[in-house]
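Starting off, we have a lone chain in the form predicted on its own, written out as C-alpha coordinates.
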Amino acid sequence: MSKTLLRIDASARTMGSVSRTLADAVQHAWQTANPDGRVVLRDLAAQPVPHISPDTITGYYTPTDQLTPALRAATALSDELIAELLAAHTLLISTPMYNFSIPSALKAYIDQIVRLNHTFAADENGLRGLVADRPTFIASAAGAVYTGTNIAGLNFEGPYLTTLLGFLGIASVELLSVEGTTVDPQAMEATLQQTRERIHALLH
(Lines give C-alpha, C1' and ligand atoms only; values in the text may rest on other atoms or scores of the structure.)
Protein backbone atom coordinates (compact mmCIF):
# COMPACT_ATOMS: atom_id res chain seq x y z
CA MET A 1 0.00 0.00 0.00
CA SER A 2 1.37 3.43 -0.95
CA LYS A 3 1.97 5.98 1.76
CA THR A 4 -0.09 9.14 2.18
CA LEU A 5 1.04 12.63 3.11
CA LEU A 6 -1.70 14.84 4.54
CA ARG A 7 -0.79 18.48 3.98
CA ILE A 8 -2.71 21.21 5.81
CA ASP A 9 -2.06 24.83 4.77
CA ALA A 10 -3.25 27.58 7.11
CA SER A 11 -1.83 30.81 5.68
CA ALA A 12 -4.40 33.32 4.46
CA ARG A 13 -1.95 34.15 1.66
CA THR A 14 -1.78 31.79 -1.27
CA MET A 15 0.92 33.86 -3.01
CA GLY A 16 4.11 34.99 -1.28
CA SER A 17 3.55 32.77 1.74
CA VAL A 18 6.81 31.68 3.35
CA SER A 19 5.13 28.89 5.31
CA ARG A 20 3.63 27.46 2.11
CA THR A 21 7.02 27.74 0.36
CA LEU A 22 8.58 25.83 3.23
CA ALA A 23 5.85 23.20 3.03
CA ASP A 24 6.50 22.89 -0.71
CA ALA A 25 10.08 21.93 0.10
CA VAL A 26 8.92 19.31 2.62
CA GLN A 27 6.36 17.91 0.17
CA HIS A 28 8.92 17.74 -2.65
CA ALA A 29 11.43 15.94 -0.43
CA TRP A 30 8.74 13.53 0.80
CA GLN A 31 7.57 12.76 -2.75
CA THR A 32 11.16 12.19 -3.84
CA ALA A 33 11.58 9.70 -1.00
CA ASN A 34 8.14 8.17 -1.66
CA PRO A 35 7.64 8.23 -5.44
CA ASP A 36 4.54 6.05 -5.17
CA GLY A 37 3.10 8.12 -2.34
CA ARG A 38 -0.14 10.11 -2.44
CA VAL A 39 -0.56 13.70 -1.24
CA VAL A 40 -3.87 14.82 0.25
CA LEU A 41 -4.18 18.62 0.31
CA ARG A 42 -6.33 20.46 2.84
CA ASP A 43 -6.08 24.21 2.13
CA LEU A 44 -7.80 26.07 4.95
CA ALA A 45 -7.73 29.34 3.02
CA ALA A 46 -9.25 28.00 -0.18
CA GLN A 47 -11.72 25.79 1.69
CA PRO A 48 -12.18 27.13 5.23
CA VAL A 49 -13.28 24.70 7.89
CA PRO A 50 -16.29 26.15 9.75
CA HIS A 51 -16.19 26.77 13.46
CA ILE A 52 -17.97 24.18 15.54
CA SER A 53 -21.60 24.92 16.39
CA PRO A 54 -23.74 24.07 19.43
CA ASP A 55 -25.02 21.00 17.55
CA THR A 56 -21.45 19.94 16.82
CA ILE A 57 -20.58 20.03 20.51
CA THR A 58 -23.75 18.17 21.43
CA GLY A 59 -22.95 15.56 18.79
CA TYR A 60 -19.46 15.09 20.19
CA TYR A 61 -20.90 14.01 23.53
CA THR A 62 -23.83 11.95 22.23
CA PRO A 63 -23.43 8.16 21.85
CA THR A 64 -23.32 7.13 18.20
CA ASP A 65 -26.53 5.08 18.42
CA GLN A 66 -28.37 8.11 19.82
CA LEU A 67 -27.38 10.66 17.18
CA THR A 68 -30.27 12.37 15.45
CA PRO A 69 -30.05 13.22 11.74
CA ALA A 70 -29.28 16.83 12.70
CA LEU A 71 -26.46 15.79 15.02
CA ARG A 72 -25.04 13.41 12.43
CA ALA A 73 -24.97 16.27 9.95
CA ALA A 74 -23.32 18.55 12.52
CA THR A 75 -20.50 16.06 13.13
CA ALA A 76 -20.09 14.80 9.55
CA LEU A 77 -17.18 17.12 8.76
CA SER A 78 -15.43 16.16 11.99
CA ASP A 79 -15.82 12.49 11.01
CA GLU A 80 -14.33 13.22 7.58
CA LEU A 81 -11.36 15.21 8.90
CA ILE A 82 -10.57 12.66 11.59
CA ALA A 83 -10.68 9.78 9.08
CA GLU A 84 -8.37 11.76 6.79
CA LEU A 85 -5.92 12.32 9.64
CA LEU A 86 -5.94 8.72 10.81
CA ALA A 87 -5.31 7.45 7.28
CA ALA A 88 -2.20 9.60 6.77
CA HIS A 89 1.24 8.08 7.17
CA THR A 90 2.86 11.53 7.39
CA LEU A 91 1.39 14.85 8.48
CA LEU A 92 2.53 18.27 7.22
CA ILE A 93 1.10 21.47 8.70
CA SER A 94 2.14 24.80 7.20
CA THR A 95 1.21 27.86 9.20
CA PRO A 96 2.27 31.45 9.72
CA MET A 97 2.36 32.97 13.17
CA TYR A 98 -0.47 35.45 13.68
CA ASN A 99 -0.33 37.50 16.87
CA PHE A 100 2.04 35.06 18.59
CA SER A 101 -0.01 31.93 17.80
CA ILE A 102 -1.83 30.06 15.02
CA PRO A 103 -4.36 31.49 12.54
CA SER A 104 -8.03 31.09 13.42
CA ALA A 105 -8.44 28.92 10.31
CA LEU A 106 -6.12 26.31 11.82
CA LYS A 107 -7.80 26.55 15.22
CA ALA A 108 -11.17 25.85 13.57
CA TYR A 109 -9.65 22.72 12.01
CA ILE A 110 -8.20 21.62 15.34
CA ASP A 111 -11.58 22.01 17.06
CA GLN A 112 -13.03 19.60 14.51
CA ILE A 113 -10.42 16.86 15.05
CA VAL A 114 -9.82 16.98 18.81
CA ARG A 115 -12.74 14.78 19.83
CA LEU A 116 -13.42 12.54 22.81
CA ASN A 117 -13.34 8.82 22.04
CA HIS A 118 -12.14 9.52 18.51
CA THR A 119 -8.72 11.16 18.84
CA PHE A 120 -8.34 11.14 22.63
CA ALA A 121 -9.81 9.26 25.57
CA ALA A 122 -10.63 10.18 29.14
CA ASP A 123 -11.06 7.36 31.66
CA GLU A 124 -9.96 6.21 35.11
CA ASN A 125 -6.36 6.34 33.88
CA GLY A 126 -6.65 9.97 32.85
CA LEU A 127 -6.28 11.50 29.39
CA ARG A 128 -4.57 9.66 26.54
CA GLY A 129 -4.21 10.15 22.81
CA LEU A 130 -5.81 7.73 20.39
CA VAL A 131 -3.92 8.82 17.26
CA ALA A 132 -1.00 6.55 16.40
CA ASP A 133 2.33 8.33 16.22
CA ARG A 134 3.49 9.27 12.72
CA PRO A 135 6.14 11.55 11.19
CA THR A 136 4.83 15.09 11.47
CA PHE A 137 6.30 18.33 10.15
CA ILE A 138 5.26 21.84 11.12
CA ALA A 139 6.40 24.42 8.55
CA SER A 140 6.15 27.74 10.35
CA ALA A 141 6.92 31.33 9.39
CA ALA A 142 7.12 34.28 11.79
CA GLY A 143 7.43 37.95 10.96
CA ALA A 144 9.70 38.72 13.92
CA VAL A 145 12.79 36.94 15.24
CA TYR A 146 11.96 35.06 18.43
CA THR A 147 14.72 32.50 18.90
CA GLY A 148 17.44 33.82 21.20
CA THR A 149 15.78 37.21 21.68
CA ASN A 150 13.94 38.94 24.52
CA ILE A 151 10.59 38.11 22.89
CA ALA A 152 11.18 34.35 22.71
CA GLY A 153 8.51 33.84 25.36
CA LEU A 154 5.88 35.36 23.07
CA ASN A 155 6.11 32.46 20.62
CA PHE A 156 3.10 30.36 21.60
CA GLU A 157 2.66 28.77 18.18
CA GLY A 158 5.30 26.03 18.26
CA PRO A 159 4.72 25.06 21.90
CA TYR A 160 0.95 24.97 21.37
CA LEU A 161 1.06 22.77 18.28
CA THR A 162 3.62 20.32 19.66
CA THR A 163 1.64 20.06 22.91
CA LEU A 164 -1.65 19.58 21.07
CA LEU A 165 -0.22 16.90 18.76
CA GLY A 166 1.41 15.15 21.72
CA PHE A 167 -1.93 15.15 23.52
CA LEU A 168 -3.44 13.29 20.56
CA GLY A 169 -0.58 10.77 20.55
CA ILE A 170 1.74 12.24 17.93
CA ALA A 171 5.22 12.61 19.41
CA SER A 172 7.37 12.50 16.27
CA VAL A 173 7.09 16.20 15.48
CA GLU A 174 9.70 18.24 13.62
CA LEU A 175 9.26 22.00 13.95
CA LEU A 176 10.69 23.76 10.88
CA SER A 177 10.70 27.51 11.42
CA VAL A 178 11.66 30.56 9.42
CA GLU A 179 11.80 33.85 11.35
CA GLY A 180 12.16 37.52 10.53
CA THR A 181 10.02 37.40 7.39
CA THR A 182 8.84 41.01 7.78
CA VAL A 183 11.55 42.69 9.86
CA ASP A 184 14.89 41.01 9.20
CA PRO A 185 15.62 39.77 5.65
CA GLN A 186 19.06 38.49 6.64
CA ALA A 187 17.66 36.42 9.51
CA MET A 188 14.93 35.11 7.24
CA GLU A 189 17.39 34.00 4.55
CA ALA A 190 19.66 32.42 7.15
CA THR A 191 16.91 30.44 8.85
CA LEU A 192 15.34 29.53 5.50
CA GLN A 193 18.62 28.03 4.28
CA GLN A 194 19.17 26.20 7.57
CA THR A 195 15.65 24.81 7.45
CA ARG A 196 16.00 23.64 3.85
CA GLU A 197 19.18 21.80 4.79
CA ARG A 198 17.37 20.22 7.73
CA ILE A 199 14.50 19.11 5.50
CA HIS A 200 16.98 17.47 3.13
CA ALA A 201 18.67 15.66 6.02
CA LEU A 202 15.35 14.48 7.49
CA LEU A 203 13.75 13.23 4.28
CA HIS A 204 16.62 11.92 2.18
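Note that residue numbering follows the sequence shown and begins at 1. Just so you know, these numbers come straight off a predicted model, no measurement behind them.
The same protein also exists as the form predicted together with a small molecule; that form is not shown, yet it is the one meant from here on.
For the small molecule in the predicted complex, the listed stretch (80-88, 129-137, 113-121, 98-106) containing residues with heavy atoms inside 4.5 Å is 98-106. Looking at the small molecule in the predicted complex, residues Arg13, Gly16 and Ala144 each place a heavy atom within 4.5 Å of it.
In the predicted complex, the small molecule sits within 4.5 Å of a heavy atom of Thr182.
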